[in-house]
Ligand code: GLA
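Single chain ahead, by itself, as structure tokens, in the form predicted alone.
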């Protein structure tokens, strides 16, 4: 492996024409710990930037003009980041009712940081930690491996957990995210990437002209705090039927009653293709018909949370001086179902002592037709 001027080539392992990874400084924490930005560039197209802080997806340049990821260009904004732009969230993505659960007959209380529930692992979850980075090679691909140790009792969760997130680009404008973890005692683990996407570009305003599709016949309806009511609900003949493309602006033009409490979609769909131990399958898409582009999601997780930035603060300052606001981005978060520790019928979030958690999600940006 060669290194020159901050650029890392895995020349001993792969052809020199493959992905290049560049490391640059992004800032310094009050602890004097450095935060780094790693940029993965594919020779056939696409450039992705990842921060060690929050293991955040900071940008995805799909061509010279278009960056499809909402984000910030300074560390201070990521240290605040109330909307979780781009970061990896955990130990438990989404919500746990009242921040309470039982595991092995032991009751646990974790932070109640949103509406009386635990959201995304608590106030100081994975999204607010600086991960350790390493360049690795797997299956001939250079990858960025980000590693984090979450000590026993961190945010109230049991067990010392060693987590890893691997970013790679297996093909042009394809981003693969792999999650790994082990714990020294039974615990919960449910990570996800909280990337906000806008196919017209992060600075282009709202994404209401774009379409969503989710390959799911069932959804989890929720109470006023975002906690699932229990059984799966069929999407047929409802506003939750996204099995065919639906334009967001057409749905939101007269906000349906079922979405009024959340100001739009902020729900978990139960993916039709999911089966335990199965490889990643197609889960859904974000589409921009006017641009002739599509972002496809493939995952081996059972759920996909669709969130359309309903509560993003208007005038929020993003990269390059961009003003962000409600509906300016779309999150497609692969994960276990929300509140699964308190819902025995849902796929389990328990990671047993000594077992290895592994999951893979892949985003594929494609051109569907020439823009008219």
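All of these numbers come straight from a predicted model, not from anything done at the bench. Numbering follows the first chain given and starts at 1.
Note that the form predicted together with alpha-D-galactopyranose (GLA) isn't included here; everything after this is about it.
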For alpha-D-galactopyranose (GLA), considered in the predicted complex: do all three of 82, 114 and 333 come within 4.5 Å of it, counting heavy atoms only?
yes
Among 61, 305, 39, 343, just one has a heavy atom within 4.5 Å of alpha-D-galactopyranose (GLA) in the predicted complex, namely 305
The unique member of 78, 240, 131, 196 whose heavy atoms fall within 4.5 Å of alpha-D-galactopyranose (GLA) in the predicted complex
196
Work out which of the listed stretches, 137-145, 67-75, 197-205, 115-123, brings a heavy atom within 4.5 angstroms of alpha-D-galactopyranose (GLA) in the predicted complex.
115-123
Does residue 95 make contact with alpha-D-galactopyranose (GLA) in the predicted complex, using a 4.5 Å heavy atom cut-off?
yes
4.5 Å heavy atom contact, residue 294 and alpha-D-galactopyranose (GLA) in the predicted complex:
no
Hey, in the predicted complex, is residue 178 touching alpha-D-galactopyranose (GLA), heavy atoms inside 4.5 Å?
no
Although the partner isn't part of this model, could you tell me whether residue 154 comes within 4.5 Å of alpha-D-galactopyranose (GLA) in the predicted complex, counting any heavy atom of the residue?
no
Can you name the residues of 264-288 that have a heavy atom within 4.5 Å of alpha-D-galactopyranose (GLA) in the predicted complex?
266
